[in-house]
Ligand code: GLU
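The form predicted alone is given below as one chain in structure tokens.
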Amino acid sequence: MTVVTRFAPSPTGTLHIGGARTALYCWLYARKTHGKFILRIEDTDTERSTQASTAAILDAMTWLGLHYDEGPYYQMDRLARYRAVIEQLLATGHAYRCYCSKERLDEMRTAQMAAKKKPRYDGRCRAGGVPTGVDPTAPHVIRFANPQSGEVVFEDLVRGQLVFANQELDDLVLIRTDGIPTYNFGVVIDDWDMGITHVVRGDDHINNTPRQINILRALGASPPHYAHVSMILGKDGKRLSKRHGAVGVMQFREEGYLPEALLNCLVRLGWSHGDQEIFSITEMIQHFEIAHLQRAPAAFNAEKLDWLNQHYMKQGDRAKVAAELAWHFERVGIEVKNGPALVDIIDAQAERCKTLVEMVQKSGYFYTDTVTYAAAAVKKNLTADVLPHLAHLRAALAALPQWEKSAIHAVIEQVATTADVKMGKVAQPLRVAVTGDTVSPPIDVTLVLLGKARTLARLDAVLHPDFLEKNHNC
């Protein structure tokens, strides 16, 4: 048997991390078993589904690297297929037309709840035929004739055997009055037609599964294997939501996280392989097993994501990290073609940054011709008594035949020795002069990355007679 999994989001918003984790598990199992991974867009909620949401989902899947083998398929392109299956179910007595009005259904459910009964359709139209006084052409829905006795038993790959009594299941609506299928019908036909062998999804779908199994059996089809994964919680123990911060996949990108870090974080929210914390994609595929998914909910840990992100900035594929960093520079309008290679910025700054956004904030001065000076740093470090040191540095640096780390370090050391001061008394004013603040990579590395022309130009600006008066009085 070839394993076929699917990820089937609704395009009613962005792809959130709960959905991304489900997609990751489906993708990993397909890759682990050399199977097939399908993307299906369940867009039958016509009032809420949008093209923008569809595009956002596709963009997120691409950014995460969860490439699909087939799709994306769209349910709204398959309406004729759903109608054909409805006719089959009507012909075999497994479905029926229901003419009950919304008002009657509301009254029925209100009475059931008042009597402390489980709200469910009472089967008025199940016997068939058109109720007395009702126009046969009037708007109506198609309901599934759910078995009224027996049980639905299935082996959940995460939770073990689950049992549901048929008498507790409703005669659910399959097709609405507008001819559009409901979730529980569309998903069944799609999974059947697409040969889905394993359905991995959130545990909020557990109660849908027995209904879907009954529809499949009415069609003479074998149900797939089901695995219902636990929800993701916030630090407060409640279901992860916007109140906990970022929950959309592309929002994490905007905040400076790498896709490898987010995937590594998500895979561990409900799955483990010994005590290992860091997994490459290859290792995830190698070790992933549905049987190792945990039943208990997992809490999202923002600090763990920061730690993973820094790890991948330091140890990840340099070209990929650089491409992502370039995207962040572009977002803030900084042109990086006239400056140091981004891979060199990553090497210099990764130890000091948790996100790429932070790296951009701390590295913009490498690519601009002007510097924004921090007032406190200037007042403390760029004083009249240090200007002679900076002038000596400027002259010595300008005379260097080779702009390299060791030569620059030697110049700074020599100026400090000649001035009979500690090296920091020279290096820190130099750092503020060329970067605008007191924190940067080692000063020799910083100057190498800035380049000779920018370094000398910034020293010239600081040594200008108006600089101290202008910046000390601001």
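Counting begins at 1, following the sequence as shown. Computed from a predicted model, the values in this text were never measured in an experiment.
What comes next is about the form predicted in complex with glutamic acid, which is not displayed.
In short, of 317 to 325, 156 to 164, 253 to 261, 182 to 190 it is 182 to 190 that has heavy atoms within 4.5 Å of glutamic acid in the predicted complex.
Only one of 244, 389, 201, 97 comes within 4.5 Å of glutamic acid in the predicted complex through a heavy atom, and that residue is 201. Between the options 211, 268, 287, 205, the residue in contact with glutamic acid in the predicted complex by a heavy atom within 4.5 angstroms is 205. Of the heavy atoms in residue 10, some are within 4.5 Å of glutamic acid in the predicted complex. Put simply, residue 437 is far from glutamic acid in the predicted complex: not one heavy atom of it is within 4.5 Å. Taking non-hydrogen atoms only, residue 444 never approaches glutamic acid to within 4.5 angstroms in the predicted complex. Scanning 33 to 65 for heavy atoms within 4.5 Å of glutamic acid in the predicted complex gives just one residue, 42.
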